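The data below hold one chain only, encoded as structure tokens and taken in the form predicted alone.
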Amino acid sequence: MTNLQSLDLFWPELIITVVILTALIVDLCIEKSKSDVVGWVLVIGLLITAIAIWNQDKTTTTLFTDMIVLDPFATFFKLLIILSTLLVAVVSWQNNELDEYRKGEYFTLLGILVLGLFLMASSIDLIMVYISIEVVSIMSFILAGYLKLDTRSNEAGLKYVVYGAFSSGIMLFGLSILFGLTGSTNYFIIQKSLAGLDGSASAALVMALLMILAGFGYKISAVPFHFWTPDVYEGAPTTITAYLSVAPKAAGFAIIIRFFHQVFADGGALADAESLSMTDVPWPEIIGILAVATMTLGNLVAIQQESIKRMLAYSSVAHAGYMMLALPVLSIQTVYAIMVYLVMYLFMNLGAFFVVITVKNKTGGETFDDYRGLGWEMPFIGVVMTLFMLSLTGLPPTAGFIGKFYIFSALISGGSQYYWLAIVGGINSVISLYYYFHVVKVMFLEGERKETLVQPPEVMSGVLLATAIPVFLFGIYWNPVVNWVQNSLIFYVQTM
């Protein structure tokens, strides 16, 4: 489809662009004390964008001469990104960390980040993959270091830039090798070219694959590309930490699913058929090993943390590993499982970080010591945090249990060669029980009971309920989620 024809189907992204420009102009015209108004521009714009996406024709086509794709799979991730952005934007108004700073730029950068994530979810061309990842990365660098007067935030921004530039450069080198081998940047042409390569290209393909994985792994915090995660998560504003742990991770998995199924495999799984790898490169095995390393390291290092925020950072690494477990199985069921897990993960992980924001607003700290006796002083916070910890562990009846059930079910259905991944995943879930329930233990079994009860502000209570209710409800009745995911498993594919 030509560029002019594509504009008719590019409305959500165009609306986001208008919202970004409007936010910039509004921010220039108001005082610092009223810069919260820009947040309303973003929220209203995102709601209009969500309506535009929801009412879009359920067509599957490519746009802008095969640079991006429009299909229900991309639509699913766009709505997921909008939902997480709306929740984070609302909580940003309540985050005391941002009180000393002008928030207009903050919300504008968040809008640009959404646009980059949209492009990540839709990319089917190596050039667009790189551009979208860079847009997301640069906005993330700035937002991570947004607290200019906080040395930890400065450190977070600097480390993020260093790791981001390094992994981005390696990925670009890998993409250039892939282009050199195939002569194209389009997924479908690369797929056909790889099918015609002989064994002499295997070494170059392995090199390209490992380099590309460095870029993709960096976006989802996969080991060994995770080193930025704990320091950046700890130093960034907590709202941005919460956002980075969910939205870019979701877009990262969207790009990984599309890339490996449509470039290194024949795309059959995406068409609900038998899928085969297009090369002799053992990429499913490589991803399986990385998945095990990611969740194991994330869980083991999380045990040693004294900061709740840093513990949740390593927890985020571990959850990336759980989702990666399903990638080696080339079937539509594994894509389905990852998408279900992402929905459940959004609510439980954002909810846990929102509790951290609420407690930090009250105590000014984010260590385990700040949570001593909190379950008795702030019973509402204690109850919802316990629910989020149960769900992140994967215990019933919570959304986290359903997410892990679908991941492990997909592994077992894939055949006996994947049983070991399911076993290691189960062992890691047991390990995670220790540090998640350490939070619950500190809140209810340590410290002194207080006679006066403290209730969070109404807005924060509402947002916490908005995340806690789905975490509990989807653990009992999850049909709406699986139906939504099922209806989104429609791809623009070209099978061999």
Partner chain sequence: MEHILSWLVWLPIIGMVVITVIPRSQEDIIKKVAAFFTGVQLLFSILLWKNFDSANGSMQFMERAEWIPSFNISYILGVDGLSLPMVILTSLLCFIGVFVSWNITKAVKGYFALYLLLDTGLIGVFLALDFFLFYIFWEVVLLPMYFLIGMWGGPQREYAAIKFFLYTLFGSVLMLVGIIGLYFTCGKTFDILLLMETAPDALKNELWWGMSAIKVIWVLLFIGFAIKVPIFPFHTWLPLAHVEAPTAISVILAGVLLKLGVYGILRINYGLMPDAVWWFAGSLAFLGLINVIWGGLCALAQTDLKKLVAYSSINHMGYALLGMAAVIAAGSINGGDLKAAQAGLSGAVFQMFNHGTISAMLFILVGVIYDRAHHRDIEGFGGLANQMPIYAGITALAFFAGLGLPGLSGFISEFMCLIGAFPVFKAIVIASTIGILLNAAYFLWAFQRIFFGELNEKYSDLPEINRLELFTLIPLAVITLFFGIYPRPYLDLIKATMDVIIENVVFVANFASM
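Numbering follows the first chain given and starts at 1. The shown structure was predicted, so the numbers you read here are calculated from the model rather than taken from an experiment.
In what follows, reference is made to the form predicted together with its partner chain, a form of this protein that is not presented.
For the candidate set 459, 51, 29, 445, a heavy atom within 4.5 Å of its partner chain in the predicted bound form is found for exactly one residue, namely 445. None of 218, 408, 77, 243 but one reaches within 4.5 angstroms of its partner chain in the predicted bound form through a heavy atom, and that residue is 408.
Although the partner is absent here, residue 478 sits close enough that one of its heavy atoms falls within 4.5 Å of its partner chain in the predicted bound form. Within 4.5 Å of any heavy atom of its partner chain in the predicted bound form lies no heavy atom of residue 37.
Its partner chain in the predicted bound form comes within 4.5 Å of no heavy atom belonging to residue 176. Contact annotation for residue 162: none of its heavy atoms lies within 4.5 Å of its partner chain in the predicted bound form. Proximity of 386, 390 and 397 to its partner chain in the predicted bound form is complete: all three residues have a non-hydrogen atom within 4.5 angstroms. The stretch from 421-429, 184-192, 311-319, 200-208 that comes within 4.5 Å of its partner chain in the predicted bound form, counting heavy atoms only, is 421-429. Residues in 190-222 all lack a heavy atom within 4.5 Å of its partner chain in the predicted bound form.
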